[in-house]
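Let's start with one chain on its own, the form predicted alone, as structure tokens.
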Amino acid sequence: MSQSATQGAAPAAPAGAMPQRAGLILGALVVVALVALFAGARYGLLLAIGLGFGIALEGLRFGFAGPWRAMILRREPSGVLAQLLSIALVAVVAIPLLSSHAGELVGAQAPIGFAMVGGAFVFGACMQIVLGCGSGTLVNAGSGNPVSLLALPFFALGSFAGAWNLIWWTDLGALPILRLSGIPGLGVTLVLLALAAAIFLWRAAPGTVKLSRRHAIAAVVLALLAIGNLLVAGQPWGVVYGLGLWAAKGFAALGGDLSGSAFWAAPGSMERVQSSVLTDYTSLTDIGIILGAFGVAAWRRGALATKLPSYPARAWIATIIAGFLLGYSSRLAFGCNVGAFFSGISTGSLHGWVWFVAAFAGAFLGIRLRPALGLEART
């Protein structure tokens, strides 16, 4: 969620906004049509879904890091409850579909292990330092946020590096993949989501809005887009793999040898590295999120010129380090707030629940570290 998400009503439309806005709409349609024409209809549709994610997240001022911060600092539950509602809506569709179409659809399922728990904790801390998770960093970068624009390339490098070392980390110890499937699995998932919601409601500050209308709309829109992603791509919404793939492509283009990594040398990964980025599902939705957020920010402001925050040098260094750790830790944790928390839980993977607890704990640390790193001090 971009910095504009913390403000009140959107500003009045700038002069000459109508031609520019028409251009934004036309440009989006042309880009989707070109991808559909040259890569295939499915890929064009996935880019359109990615645009929808970006437009919804930026346009409705919604995200993952911000609501967690609001719950921890001010005990405002609305954003977190909207996340749980959206997950529940997806789960109602996704978990039964995964059972009935096992050969066509796959879930965001991963093992629970030491590296996964540690990675989730570090990710939760770092996303509060830069005020952006995986999708949030893409949205913020697209809308012109300087911190996220700096963090994003290091996020991609971290994702690449974390995937490179992933096998070593998982060999430290992990349980088999545990998942909740079928109607019984859906029932357990919904009960757990209800219990989580009850805990947040119990901890909510008196008089706070329990679920705002804007957050409720965002929950429904994200759920519809996530279901669309599952049906079109055959896999749940994700973010982190696409970023690491971009770095892997750059590494290979510069003459780097990927054969030293069991992850990147695997046939499936190598095929994606050698193929067009426009044929990778996660890359397309990531690109769509950036472009969608850019479109909303340009629609609102007419330009993306953003004043550079007057942070001390240590804040910018912390942004680089946190950006890299966001990517690295999310690979160890098998996803970010989207791939592990949102898509993991909504497709019945128990690792999503463990990720949620570990990352939420890490968020407390990140909130404490952010002022010490100079990221709260502006003049």
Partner chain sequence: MTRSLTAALALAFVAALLVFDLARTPPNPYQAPTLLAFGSGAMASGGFCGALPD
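Please read all numbers here as calculations on a predicted model, not as lab measurements. Numbering follows the first chain given and starts at 1.
This protein has a second form, the form predicted together with the partner chain, left out of what is shown; the following refers to that one.
Chemist: Looking at heavy atoms inside 4.5 Å, which stretch does the partner chain contact in the predicted bound form, given the options 239-247, 217-225, 200-208, 75-83?
Modeler: Stretch with heavy atoms near the partner: 239-247.
Chemist: Looking at the partner-bound form in the predicted bound form, is Phe334 within 4.5 Å of the partner chain by any heavy atom?
Modeler: Yes, Phe334 is a contact residue.
Chemist: Just checking whether Arg42 would be counted as a contact of the partner chain in the predicted bound form - the rule being heavy atoms within 4.5 angstroms.
Modeler: Yes, Arg42 sits close enough to the partner chain in the predicted bound form that at least one of its heavy atoms falls within 4.5 Å.
Chemist: Is the gap between Ser99 and the partner chain in the predicted bound form 4.5 Å or less for some heavy atom pair?
Modeler: Looking in the predicted bound form, residue contacts with the partner chain do not include Ser99, since no heavy atom lies within 4.5 Å.
Chemist: My question is simply whether Ser259 lines the interface with the partner chain in the predicted bound form - judged by any non-hydrogen atom within 4.5 Å.
Modeler: Outside the cut-off, so no.
Chemist: Taking Phe38, Gly268 and Leu291 together, does each of them reach the partner chain in the predicted bound form with some heavy atom inside 4.5 Å?
Modeler: Verified in the predicted bound form; spot residues all in contact, yes.
Chemist: Note which of Gly348, Gly63, Gly323, Gly339 lies within 4.5 Å of the partner chain in the predicted bound form, where distance is taken over heavy atoms; exactly one does.
Modeler: The option sitting close enough to the partner is Gly339.
Chemist: Only one of Leu180, Ala161, Ala196, Leu105 comes within 4.5 Å of the partner chain in the predicted bound form by heavy atoms, so just point that one out.
Modeler: Of Leu180, Ala161, Ala196, Leu105, the residue with a heavy atom within 4.5 Å of the partner chain in the predicted bound form is Leu105.
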